[in-house]
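Shown below, as structure tokens, is a lone chain in the form predicted alone; questions about how it binds or moves come after it.
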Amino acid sequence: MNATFDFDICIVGAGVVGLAITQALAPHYRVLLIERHSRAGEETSSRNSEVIHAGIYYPHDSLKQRWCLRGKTLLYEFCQRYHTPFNKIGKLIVAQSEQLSQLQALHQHGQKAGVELYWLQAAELKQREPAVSAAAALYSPSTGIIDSHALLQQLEALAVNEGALVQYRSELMAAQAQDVGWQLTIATADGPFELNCHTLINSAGLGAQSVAQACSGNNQPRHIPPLYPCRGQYFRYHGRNPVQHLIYPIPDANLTGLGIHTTVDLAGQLKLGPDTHYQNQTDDYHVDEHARSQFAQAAQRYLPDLEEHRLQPDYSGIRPKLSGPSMPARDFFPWFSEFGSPNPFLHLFGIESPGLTASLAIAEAVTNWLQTGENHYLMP
């Protein structure tokens, strides 16, 4: 790339996807990563279930499915190589008697994707998880949990060690396409400053639409998809954890969420969530204590001995969804320039779950696009 640029590539958003892309590109390019918050992953990346997903649910050949399946493999390899805390704990998707046809359909769907799944009858389930009550379950041994904060730190350290510059408290205000490359205006605590780069990558998560709107030039998205912020709350269970696996109910038909499920963190503590609350704000992270009964009732359907009074509000996260209430779930939506464009750009819209699992696969696809021009890795 042209040495007259301040940076070859500027990446906006230091969530797990932005950091994964930065560490993948840093050995090959001069990379600047800017983040409006004071540290990495302050939004969606650090406010989720910390689950490494198997790739069971997503539509066939969708980016969510492909990047989840590839990302799962890459993430486990990364954790082992860099000693990032994780546990391939396994997941049980449980069904009551009236839900068995849905469980069978999910089993077939997952098997078609190549996901390792085992059908457990009620007796087999009871032997594996005595506290769980259900008619049958699917067992996914490749599902795991990860320390998302440790992952963020490791990705940043690798990127910085390869020469990338990570700048916090820095917000993109404007990006103007030039004859070649981009002129950026960035707001910082010390005031605004300008720089230029060859390629602009927008991985701003909840802010991706705003970043795209701040860009001007002929090659910008013809249609920026609307954002539907969706808050999910979590409650922590204060008491003995009765399960050894992640326990998930059958997901709803539109996949707006995977239902209030139980996860186990790396310390062995049980937490429940998330639920689904669409809202206009992208910075409202409150947890409604009055939702305790709703959470307890949802979990007691498959954990009948769970005690409601032991549930305490924990935290919430906001998912950058591209579909609203009662709308079919939408896939990840990358919008990118043609190879050879004088103003290369990539906007990553709607990177919600399984974004953490998919992060290294997204970085791999972006690297391939920049180096070879092949874009089918970015298209469903």
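As the structure is a prediction and not an experimental result, all values here were calculated from the model. Start at 1 with the first residue shown and count on from there.
The same protein has a further form, the form predicted together with a small molecule, not shown here; the description that follows concerns it.
Original post:
Of these, R70, R36, R30, R330, which has a heavy atom no more than 4.5 Å from the small molecule in the predicted complex?
Top reply: Flagged contact: R36.
Subject >> Per-stretch contact check against the small molecule in the predicted complex, the hit in 207 to 215, 301 to 309, 116 to 124, 176 to 184 (non-hydrogen atom, 4.5 angstroms) >> reply: Comparing against the small molecule in the predicted complex, the contact stretch is 207 to 215.
**OP:** May I ask you to check whether G317 falls inside a 4.5 Å heavy atom distance of the small molecule in the predicted complex?
**Re:** G317: contacts the small molecule in the predicted complex.
Original post:
Hey, in the predicted complex, is D147 touching the small molecule, heavy atoms inside 4.5 Å?
Top reply: Outside the cut-off, so no.
**OP:** Report yes if any heavy atom of L360 sits within 4.5 Å of a heavy atom of the small molecule in the predicted complex; otherwise report no.
**Re:** No - in the predicted complex, heavy atoms of L360 and the small molecule never come within 4.5 Å of each other.
Original post:
Are any of the heavy atoms in Q65 no more than 4.5 Å from a heavy atom of the small molecule in the predicted complex?
Top reply: No, Q65 is distant from the partner.
Original post:
At 4.5 angstroms, heavy atoms only, are G55, N87 and H245 all close to the small molecule in the predicted complex?
Top reply: No, the whole trio is out of contact, none within 4.5 Å by any heavy atom.
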